[in-house]
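Below sits a lone chain in structure tokens, taken as the form predicted alone.
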Amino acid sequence: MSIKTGIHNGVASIEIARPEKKNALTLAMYDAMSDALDAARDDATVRAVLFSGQPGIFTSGNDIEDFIARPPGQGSPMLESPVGRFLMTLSNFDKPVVAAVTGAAIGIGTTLLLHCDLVYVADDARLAMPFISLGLVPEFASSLLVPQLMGMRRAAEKLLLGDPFTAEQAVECGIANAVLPAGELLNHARRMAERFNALPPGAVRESKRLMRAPQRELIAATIRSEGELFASRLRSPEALEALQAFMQKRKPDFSKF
């Protein structure tokens, strides 16, 4: 399994551990992360969850080969797929979620951060949401949350053009809390997660619920709307050209569309 989990000192860790494939996520890995979140939710000893990747790589996004072989939303609604299950499980998770990001955080590697409570990025972090370049649309409520955080103009650069951005820019626009040296990042993020051990867990959960309540229904509706379009776009000629070009290591040709 390419997702490593464990519980230590009140913190449930979810580590993306597939460095040979740049931590690309398969459907099985999405299920494993959802299972870990479900277990952490039900374990009274767990006070927080910590997401991390490998040194120099958080995740390169979805495993394209896996997506082509088993596209989410094929034969069933998008949100009933392993991807959809993970989106809804994380967005509705009631305990604090902390993320430690080193290196590349592509696609879902960036959008999942929008649903974490504390995000720390290494000075080598590079974030990007290149959905449109693959013939797709934004996901995980990023079409709603990114413009809210960055403003419409900068969101257009990140979502419509797919421009990457640095760790410092992630902090500036509100996606991350702080930038740290890569060698110090994970320990710092873990220390922050462990701080919840000293706080009353019920008050923490209720406060998180209050903070997120005004947009909870809107976020859920946006995830559903994006998911339907994403699944449809996966079967579009533009996406097929983009995905084939990616597999063939060439530039896609959109001139015929």
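Worth saying up front: this structure is predicted, and the values here are computed from it rather than measured. One-based numbering along the sequence shown.
Beyond the structure shown, there is the form predicted in complex with a small molecule, which is absent from this document and is the topic of what follows.
Looking at residue 63, you'd find a heavy atom of it within 4.5 angstroms of the small molecule in the predicted complex. Of the heavy atoms in residue 131, some are within 4.5 Å of the small molecule in the predicted complex. Taking the partner from the other structure, the small molecule in the predicted complex has no heavy atom within 4.5 Å of any heavy atom of residue 84.
Among heavy atoms of residue 233, none comes within 4.5 Å of the small molecule in the predicted complex. Among 106, 122, 146, 98, the residue placing a heavy atom within 4.5 Å of the small molecule in the predicted complex is 106.
Comparing 213 to 221, 53 to 61, 34 to 42, 196 to 204 against the small molecule in the predicted complex, the single stretch with non-hydrogen atoms within 4.5 angstroms of it is 53 to 61.
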